[in-house]
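Only one chain comes next, encoded as structure tokens, the form predicted alone.
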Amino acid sequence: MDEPVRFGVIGLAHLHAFAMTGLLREAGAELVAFHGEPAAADGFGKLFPGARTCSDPAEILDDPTIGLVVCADVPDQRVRTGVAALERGKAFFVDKPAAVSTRELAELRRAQEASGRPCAIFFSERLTSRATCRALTLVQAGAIGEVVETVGFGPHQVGLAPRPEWFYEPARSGGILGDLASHQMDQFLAFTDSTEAEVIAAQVANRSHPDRASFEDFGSALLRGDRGTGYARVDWYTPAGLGVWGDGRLTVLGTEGTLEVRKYVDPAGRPGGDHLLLVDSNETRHIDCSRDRLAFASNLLTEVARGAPDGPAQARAFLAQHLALEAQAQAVRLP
């Protein structure tokens, strides 16, 4: 029997650290050690007992038995950890945004190319959405003909608990487009199968947080790829009454049909999430994807075990993050 991939976690600033760890463990990986903020580390240790707490991330980076480093640190600290991990021959699995500027992202990409190891970015709105994964499988099988355009909505809830100060600082968080819209860029590339793309226009605004001058609570971008176009809209306006953190949606327009993914909730109807609506020349169908298997974590562990990434997927991940950061950099701020 093959030995399980051993991994460590550096940075618990975002709750995605818990989800990333859970996915890897469910796929058979072994959590060895973790390092993070004391309050978060306490809860993390209780949820994942058996792993050792490290006072210094070097304990994880320098452990030769650890083949994968997971990172959900404050966004402006992630590239530093990634470069250090890749230079030591470890794979890197980082929460989005992987970087807060295109310059930083290029640094991470150089480290990945030099090492040859996988550098996965956690675009959870596709990778952990069963309905989105099913929709992509249908599109790749030709269910709606040739994809013309994707329209992705990523509304979020700020939440009841106080957010850390870095959350309100675009230079540290990556900004609303660099952060949230990276999900929509990832889906745009995956569904159109574009390998080249550019940002045509982008805009951001702060409409409901006057006490946070630099914060952005709305953003949108228009995209053009070599195999389709896309539109992305993200915000921090989701009301508490919805019952989930956001009504994430994706619409895919094809020459022979349309797909709509309602990821987390159907506000006026069916319970639960992972709803997929397919309209083609024959019928209109609702597909319940809630029991579909998620393959991402297993695929990542296969890449880690063989010591090399899936080339096209690796390139797409970097391009998706680049588009989001490029949109952030060129966005017009609305009054």
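As the structure is a computational prediction, the values presented were derived from the model and not from experiment. One rule holds for the numbers: they count along the sequence shown, beginning at 1.
Beyond the structure shown, there is the form predicted together with a further copy of the same chain, which is absent from this document and is the topic of what follows.
Engineer: Within a 4.5 Å heavy atom cut-off, is S55 in contact with a further copy of the same chain in the predicted bound form?
Structural biologist: No, S55 is distant from the partner.
Engineer: Evaluate D235 for contact with a further copy of the same chain in the predicted bound form, applying a 4.5 angstroms cut-off between non-hydrogen atoms, and reply yes or no.
Structural biologist: It does: once a further copy of the same chain is placed as it appears in the predicted bound form, D235 has a heavy atom within 4.5 Å of it.
Engineer: Using heavy atoms and a 4.5 Å limit, would one call D310 a contact residue for a further copy of the same chain in the predicted bound form?
Structural biologist: D310: no, not in contact with a further copy of the same chain in the predicted bound form.
Engineer: Could you confirm whether L334 comes within 4.5 Å of a further copy of the same chain in the predicted bound form, counting heavy atoms only?
Structural biologist: Yes, L334 is a contact residue.
Engineer: Tell me, please, which stretch of 108 to 116, 87 to 95, 200 to 208, 131 to 139 lies within 4.5 angstroms of a further copy of the same chain in the predicted bound form when heavy atoms are compared?
Structural biologist: Within 4.5 Å of the partner lies stretch 200 to 208.
Engineer: May I ask whether F218, R249 and S281 all come within 4.5 angstroms of a further copy of the same chain in the predicted bound form, judged by heavy atoms?
Structural biologist: Per the other structure, all of F218, R249 and S281 touch a further copy of the same chain.
Engineer: Answer with one of I121, V79, L189, V147: the residue that has a non-hydrogen atom within 4.5 Å of a further copy of the same chain in the predicted bound form.
Structural biologist: Contact with a further copy of the same chain in the predicted bound form is made by V147 alone.
Engineer: E104, D193, E260, E169: which sits within 4.5 Å of a further copy of the same chain in the predicted bound form by any heavy atom?
Structural biologist: Looking at the other structure, the residue within range turns out to be E260.
Engineer: Going by a further copy of the same chain in the predicted bound form, which residues of 86 to 117 come within 4.5 Å of it through any heavy atom?
Structural biologist: Not one residue comes within 4.5 Å of the partner.
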